[in-house]
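Just one chain follows, in the form predicted on its own, and it is written as structure tokens.
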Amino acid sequence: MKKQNIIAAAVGGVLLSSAAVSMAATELVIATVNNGHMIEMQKLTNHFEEANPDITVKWVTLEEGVLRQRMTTDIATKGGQFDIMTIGMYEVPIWGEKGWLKELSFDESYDTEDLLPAIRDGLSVDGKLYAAPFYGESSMLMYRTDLVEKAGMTMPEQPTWDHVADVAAKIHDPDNGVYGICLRGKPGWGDNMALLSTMVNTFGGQWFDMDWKPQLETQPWHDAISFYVDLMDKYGPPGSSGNSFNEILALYNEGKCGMWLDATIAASFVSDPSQSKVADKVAFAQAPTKVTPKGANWLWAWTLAVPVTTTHSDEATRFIEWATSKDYIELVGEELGWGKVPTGTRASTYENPKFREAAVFADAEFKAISSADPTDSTLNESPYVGVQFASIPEFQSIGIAVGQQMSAALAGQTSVDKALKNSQRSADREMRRSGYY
């Protein structure tokens, strides 16, 4: 009897130990941005957890500017708060080169070659992938066909900024709650400066010359920013200096914006009848040009990366492989609808007849992403890679400072000339301090 009790206790101990192991699942802490596709990913995480019962996922969802600050601080100080970070094409090559990110290696079925070359190359250092794209984007013009037609206007496939201003003047009807054009004004290197950098590019300007001297008081910068401020003063919604992607998306879907130039990823939201009151009245054109088509539309990807500080790199890589795979895109298409899949990452998405049938924006989006060239985005030669940013560590602080000045000019708190003068001064100080000249 005593022997049987000992055996039973031993067996019971093994069972309890096994149960404890199965219950002690690895928790992955993932920091992400509060954009629509990221919110949808959180809703679908149960599929990953069911397939991987040894892993649970905890989300930390942040506004874009806050996310960037938190990620930069955590990675630079080796804080180790997160197992997976949502970062962009600006951070990946810089952080990868510094050794702050784990190289990603996936199963053959992942098909890395299916990733769009411009996106894949922007997330690699020396041919090694340091982040996987969750969705990619360029920028393009979204406009209300009913308002343009009523005004007796047309919209070419790639309009000029002068033509856009003419259309805005004709369709602007604030008494009836419709504004000619909505553009970002909220300060930030990835907020208003994403848009304004592309405007400066196509007006013939650049951030730095070949000696790394800031160019913020040159004529192209003055022309581009003056045009922007004047356009928004006349035909934009009130409070534009506080508007970024999500604020304008809400305005557009309520039918309050006649035109909107922003991320191509917005197309899936403004053309979705469940979200947009004007879904059946939206059409798409390429980003407007002025002096040159170079750099008129940006290139970006929100990506998932593994910081070297994590102690769960295998599990983190497993999640990233799932969330950025062809199978995930298929899952979103079947569960939520093919018009809602994350786009801009894989060639196979644009070849899928289900997606093409659901996504009226597919051709315009693919053309915009394919035409963006981070290695040749300015009229005159530049020393940096990047369309709407310069891929140097100093750009983040420079872009933030300049973004604040541009937002102040838009709000009427300062003149364009003074904003550019202050911007030039702060950029010059940062580049001198960093030893560029």
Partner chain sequence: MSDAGLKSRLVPRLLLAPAVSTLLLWMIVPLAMTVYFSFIRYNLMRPDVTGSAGWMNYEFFITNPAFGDAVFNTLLLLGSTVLVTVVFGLLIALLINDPFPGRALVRVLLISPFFVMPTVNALLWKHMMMNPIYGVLAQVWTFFGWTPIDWMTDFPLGSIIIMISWQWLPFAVLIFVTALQSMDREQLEASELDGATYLQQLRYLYLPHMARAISVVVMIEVIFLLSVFAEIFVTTAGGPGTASTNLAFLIFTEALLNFDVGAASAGAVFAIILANIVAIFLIRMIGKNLEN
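No experiment lies behind these values; they were computed from the predicted model shown. Residue numbers count along the first chain shown, from 1.
What comes next is about the form predicted together with the partner chain, which is not displayed.
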property	result
Candidate stretches 378 to 386, 46 to 54, 394 to 402, 364 to 372 - the one whose heavy atoms come within 4.5 Å of the partner chain in the predicted bound form	394 to 402
Any non-hydrogen atom of residue 284 within 4.5 angstroms of the partner chain in the predicted bound form	no
Touches the partner chain in the predicted bound form: residue 293 (any heavy atom, 4.5 Å)	no
The partner chain contact at residue 247 in the predicted bound form, heavy atom, 4.5 Å	yes
Partner proximity in the predicted bound form: residue 347 to the partner chain, non-hydrogen atom cutoff 4.5 Å	no
Non-hydrogen atom within 4.5 angstroms of the partner chain in the predicted bound form for each of 120, 226 and 416	no
Contacting member of 76, 153, 210, 169, with respect to the partner chain in the predicted bound form [4.5 Å, heavy atom]	76
Proximity to the partner chain in the predicted bound form, single hit among 312, 318, 102, 256 (heavy atom within 4.5 Å)	256
Contacts with the partner chain in the predicted bound form, stretch 334 to 364 (heavy atom within 4.5 Å)	none
